[in-house]
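First, one chain by itself in structure tokens, the form predicted on its own.
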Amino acid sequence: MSKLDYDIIVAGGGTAGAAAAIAAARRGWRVLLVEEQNCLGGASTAGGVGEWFASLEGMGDIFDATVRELERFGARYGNQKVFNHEYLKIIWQLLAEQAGVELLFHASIFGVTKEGNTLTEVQIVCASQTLVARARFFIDATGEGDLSFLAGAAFMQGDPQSGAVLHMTLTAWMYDTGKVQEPYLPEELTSISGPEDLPGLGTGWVVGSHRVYLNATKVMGHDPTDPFSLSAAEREARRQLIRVVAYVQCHKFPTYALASSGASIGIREGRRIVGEHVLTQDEILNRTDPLIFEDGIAVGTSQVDFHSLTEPGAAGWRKRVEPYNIPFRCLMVKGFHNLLTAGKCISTDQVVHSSCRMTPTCCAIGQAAGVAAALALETQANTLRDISIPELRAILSAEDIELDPRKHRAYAPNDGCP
């Protein structure tokens, strides 16, 4: 079997992975981006999650480009942090193509080859064919840390005591038909009796012109890294969604009908890969001075958005967090020379994860990972530990990632922040 050769392979084409691939490819390197869905953007596109939940400024020129293009399409709804996710699919694709990224959709990495602490190649299945691809550096942006897991990296998952992970959500959109709908609920599904019986975060809200966005399902007690549990979660989410639709047609949006739901359930938390540093709740919450690291490569701005692991509805706790640095060491997979993580599988505890997993933050993290891998190639570094952190930070600053937490605004809508 012939082997494909690249400089960098990125696993996962969600926001973090797409940004990582673009950041590296536009510096002239051969980059392969392996994505299981049929589009880039992950939860923000295929998952139908058409909202940002973090501050938008200072997240890098790649994120800025997505916002600008959405506005040009007229696909951003006023000053709201809500957008038409269908347009984002083509935006991410064009940005990747312009950078020269090699895109492989409908593809999954199922195996790795390594020599000691160095990954050398990955095995990929796509269209009933097996491909083998080699690279010098690898970036795991799979969300659930699949590539790192296959390589044998250590990981954390869920609550330290129970192992329970944050719930999954299937989002959906409704449209105004202009006439009152007759709600229908199959007899095997139980109707929602009232607000206290809602499974998730409320009953949606109107965005743009005659559209309703539903982030209203809450699927608990399932493991997104277990094949059968993940499938069961998808099934439960769809049952919840139809119950919510019938309820809002009766009580809130009588003329609206279901337009679409995510092609895949939104996974808040899977594996968190152990890195050279684990960013902890104590570090980001129990402090008086801004959290600044010498190797900071992005800034987290979102509140702690910790949903209850056992109770339905909006149960849980939310807490404002002053902007904080995310260190490069959280991206460096412990025990490996040429493997980085990007996005929500970076090295943090569960509480920090509930803040830094937000899309704009993941985009900045992904861009940093792509630049770091490219810099390692450019300086002929043997390992990612050999790259110059000051040089990495200088490049990121030049690419409009604001690395100083003091120049960011906290995002805490539950605490009166915009």
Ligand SMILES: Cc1cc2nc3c(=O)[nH]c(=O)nc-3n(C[C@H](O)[C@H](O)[C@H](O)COP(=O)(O)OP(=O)(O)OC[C@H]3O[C@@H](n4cnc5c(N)ncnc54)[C@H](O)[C@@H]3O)c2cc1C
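The numbering used is simple: start at 1 and walk along the sequence shown. Please read these numbers as outputs of a predicted model, since none were measured by experiment.
We do not show the form predicted in complex with this ligand, though everything after this point is about it.
Chemist: Taking this ligand as it sits in the model of the complex, is residue 199 near enough to touch it, meaning that at least one heavy atom pair lies within 4.5 angstroms?
Modeler: Contact check for residue 199: no, nothing within 4.5 Å of this ligand in the model of the complex.
Chemist: Is there any non-hydrogen atom of residue 171 lying within 4.5 Å of this ligand in the model of the complex?
Modeler: Yes.
Chemist: Is there a heavy atom of residue 349 lying 4.5 Å or less from a heavy atom of this ligand in the model of the complex?
Modeler: Residue 349 lies outside the contact set for this ligand.
Chemist: Looking in the model of the complex, any heavy atom of residue 331 within 4.5 Å of this ligand?
Modeler: Answer no; every heavy atom of residue 331 is more than 4.5 Å from this ligand in the model of the complex.
Chemist: Only one of 215, 240, 249, 261 gets a heavy atom within 4.5 Å of this ligand in the model of the complex. Which one?
Modeler: Of the listed residues, the single hit is 215.
Chemist: Pick from 358, 377, 392, 70: which has a non-hydrogen atom within 4.5 Å of this ligand in the model of the complex?
Modeler: Exactly one listed residue reaches within 4.5 Å, namely 358.
Chemist: Just one stretch in 337-345, 252-260, 129-137, 114-122 has heavy atoms within 4.5 Å of this ligand in the model of the complex, so which one is it?
Modeler: Looking at the other structure, the answer is 337-345.
Chemist: Output the sequence-ordered list of residues from 6-22 with at least one heavy atom within 4.5 Å of this ligand in the model of the complex.
Modeler: Stretch hits, in order: 12, 13, 14, 15, 16, 17.
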